[in-house]
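Okay, here we've got a single chain as structure tokens, the form predicted on its own, with questions on binding and movement later.
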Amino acid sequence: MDLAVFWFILIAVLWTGYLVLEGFDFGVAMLMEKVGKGDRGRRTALNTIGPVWDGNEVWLLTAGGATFAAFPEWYATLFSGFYLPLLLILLALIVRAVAIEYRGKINDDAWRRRWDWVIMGSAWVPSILWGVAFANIVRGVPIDETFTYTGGFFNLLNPYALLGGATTLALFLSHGAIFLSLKTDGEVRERAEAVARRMAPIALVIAAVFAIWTQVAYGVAWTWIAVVVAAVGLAVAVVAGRIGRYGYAFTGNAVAIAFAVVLIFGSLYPDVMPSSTDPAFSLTVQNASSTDYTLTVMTWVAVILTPVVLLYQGWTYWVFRRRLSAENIPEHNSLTFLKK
């Protein structure tokens, strides 16, 4: 295996880590209002991801950085062609970070309610647009002989890509509900379990249609394995949710997301961004990669730093592993607005 192929696989692994971990962050944020039913309930939900959400975003930064360094032509075409959706995702991630930090700074109900809506809205945008972006990448987009994207924004809003957006939205909602069922207690947990039981079958149906469409239109023989494993994972999530075994449900959902990434990247290879104008203009693992020297340096950096990041993140999840309930949430002890 040459280094370009190795980094193509490693980037797929980084996206897997990001979508599995950030997927439940988005799901929890989207469900805050549904499972919270009051300030203490919403704070309980938000506190389940409080210690980990920013660490989960490291996977996105690493995946983006690795793509830029290992495949600069892919990065340039992707970010110029998908400029508007990626800008919207970036803005949503920035606004969400600000909202999470600012929400508890002022002891005022109206202040907190406004930031709650910002947190929820900024989770819906990337949950849909990530699916739209990945679906378009595997489908292929208009690229000319200079590797320049020649389409417009509305080229990206085709039926297959919109189904991709619906798939990531359903998977993340289900993932977030299952995570809340594992991490909370009391009324928040009861409401989260009810949502998880309803969302898991919906996610299974939508994801199955998307996976079969992907496999039939763009897949290769061996990616049927990814389709089957993802389907089994979602079926496990449905059954385990019905019998109250949310640890198994979470594992099943995570496996499904991971093998959805395998399906997409497996269907892409040896391309990294197919051209719908002419297959000869497609960006491939070989013509889009950096030099061997750059990839060698990157490989040594990854070998040294990746275990450190994994150990730190694992330790964080272990420290904050216990359930939360509204009784664990303290009274507000923050600034108040001056009375006029």
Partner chain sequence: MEVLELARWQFGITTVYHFILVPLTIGLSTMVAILQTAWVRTGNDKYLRLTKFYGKLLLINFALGVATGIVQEFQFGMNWAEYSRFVGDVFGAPLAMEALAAFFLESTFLGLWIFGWDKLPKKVHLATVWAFAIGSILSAYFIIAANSWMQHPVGAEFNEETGRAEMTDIWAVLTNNTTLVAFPHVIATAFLVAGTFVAGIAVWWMVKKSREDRNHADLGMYRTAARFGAVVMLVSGIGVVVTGDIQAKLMFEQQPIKMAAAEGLVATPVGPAPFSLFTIGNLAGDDPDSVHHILEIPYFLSYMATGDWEGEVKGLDELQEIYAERYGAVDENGEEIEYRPNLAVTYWSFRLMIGLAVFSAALCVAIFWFTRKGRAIDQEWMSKLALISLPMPFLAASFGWIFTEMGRQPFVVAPNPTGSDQVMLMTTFGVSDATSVGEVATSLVAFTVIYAVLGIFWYRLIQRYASEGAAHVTYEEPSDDSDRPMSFAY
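Everything numeric in this text was worked out from a predicted model, so none of it was measured. Positions refer to the first chain, counted from 1.
Below, we turn to the form predicted together with the partner chain, even though it does not appear here.
Undergrad: Just one of 157, 106, 202, 208 has a heavy atom within 4.5 Å of the partner chain in the predicted complex. Which one?
TA: None of the other options qualify; the answer is 106.
Undergrad: Find the only residue in 212, 98, 194, 225 having a heavy atom within 4.5 Å of the partner chain in the predicted complex.
TA: That would be 98.
Undergrad: For the interface check, one of 67 to 75, 162 to 170, 262 to 270, 131 to 139 should have non-hydrogen atoms within 4.5 Å of the partner chain in the predicted complex; which one?
TA: That would be stretch 67 to 75.
Undergrad: Does residue 90 reach the partner chain in the predicted complex if we count a contact as any heavy atom within 4.5 Å?
TA: Contact with the partner chain, yes.
Undergrad: Hey, in the predicted complex, is residue 218 touching the partner chain, heavy atoms inside 4.5 Å?
TA: Heavy-atom contact with the partner chain at 4.5 Å: absent for residue 218.
Undergrad: Considering only heavy atoms, tell me if residue 248 and the partner chain come within 4.5 Å of each other in the predicted complex.
TA: Residue-level check for residue 248: no, no contact with the partner chain.
Undergrad: Taking the partner chain as it sits in the predicted complex, is residue 294 in contact with it (heavy atom to heavy atom, 4.5 Å or less)?
TA: Residue 294 belongs to the contact set for the partner chain.
Undergrad: Tell me whether 46, 86 and 302, taken together, all sit within 4.5 Å of the partner chain in the predicted complex, counting heavy atoms only.
TA: Spot residues vs the partner chain: full contact, yes.
Undergrad: Could you pull out the residues of 162 to 180 that have any heavy atom within 4.5 Å of the partner chain in the predicted complex?
TA: If the 4.5 Å heavy-atom criterion is applied to the partner chain in the predicted complex, 162 to 180 yields nothing.
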